[in-house]
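Next up: just one chain, as C-alpha cells, the form predicted on its own.
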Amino acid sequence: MQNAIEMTNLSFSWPGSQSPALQVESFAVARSERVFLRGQSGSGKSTLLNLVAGVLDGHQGALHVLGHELANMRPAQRDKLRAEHIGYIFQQFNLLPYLSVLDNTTLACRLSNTRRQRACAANGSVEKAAFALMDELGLERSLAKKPVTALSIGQQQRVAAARALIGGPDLIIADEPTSALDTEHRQKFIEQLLATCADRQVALLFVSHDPGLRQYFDRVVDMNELNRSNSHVLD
C-alpha cells in the first residue's frame, strides 16, 4: 500500500533566497498512521505543510501525496486533490462566521462532489454525516443551527475537525490546532480527534510545538532534525 505522504531529497527555496528554506532527505507518513511533527516557529513546518497540501509549488526532489507526484500536477489538479482527499485543520480554525455549525461542517461536501458522494454513501445524506461526526467529536446536535461565533473556542475547534473529516478524506493535516485550548480541552480534543481518525482509517499529520502531546501519537518527528537546512523561514 502506498504511503499517504512520501518525500525524498525534497528542497524548497523562496524566490530570491540564496539558500533553501526546507531540505528533507526522507520522510513518509503511512496510510492511517498518526504522526506528531514537533517544531518551533521558524523551523519550516508551515512550509512543509503547505507543500504537502499543494498550496506551494516549485519544490525540488520527490513529493508524493496519496500516490500523486505534486510536481507533475497543474495548480487546478492540486486544488482538486486537496478538495477531494485532504482535510485541513487550521490553527485559527478558519470557520466562516456567517454560517451555522452545520453549514460549516458540511462545507467540504459543497466544494467537492467526491466528498459529498462519500458522505451520502456512508451515512445516507450529508446532514446525517455531519451529525455523526458531531456525535463522535462531542458536539451536541442542538448546536447545529447556531452561528459558530456563539460557540466556545473548544467547540469551534471541534467544528473545524468535523469539517476536515466529513466526506472521508484520506489525509488530515492539522496545524497547531490546540494552541488556543486550555489543558483540559486540549486533551479531550486530541483524544476525540485521534479516535475518529482511527475509526475512519485516516492518516494524520499533526503539527505542534507542544511536547506534551507526543504521547498520543504513533510516531514523533522533530522538525529541527527533519529539516536539514541551516536557513529557516519564519512560519
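Bear in mind the structure is a predicted one, so any value in this text is a computation, not a measurement. Heads up: residue numbers just count along the shown sequence, starting at 1.
Absent from the display: the form predicted in complex with a small molecule. The rest refers to it.
Residue contact check: Gly67 to the small molecule in the model of the complex, 4.5 Å heavy atom = No, Gly67 is distant from the partner.
task = State yes or no: in the model of the complex, is some non-hydrogen atom of Gly58 no more than 4.5 angstroms from a non-hydrogen atom of the small molecule?
result = Output for Gly58 is no: heavy atoms all beyond 4.5 Å of the small molecule.
message = Although the partner isn't part of this model, could you tell me whether His209 comes within 4.5 Å of the small molecule in the model of the complex, counting any heavy atom of the residue?
response = So His209 counts as contacting the small molecule.
ask   = Heavy atoms within 4.5 Å of the small molecule in the model of the complex: does Ala21 have any?
value = Output for Ala21 is yes: heavy atoms within 4.5 Å of the small molecule.
query = Which pick from Gln40, Gln201, Thr183, Ser179 sits with a heavy atom within 4.5 Å of the small molecule in the model of the complex?
reply = Spelling it out, the residue with a heavy atom inside the cut-off is Gln40.
task = Could you tell me which of 23-31, 41-49, 166-174, 186-194 sits within 4.5 Å of the small molecule in the model of the complex, going by non-hydrogen atoms?
result = The contacting stretch is 41-49.
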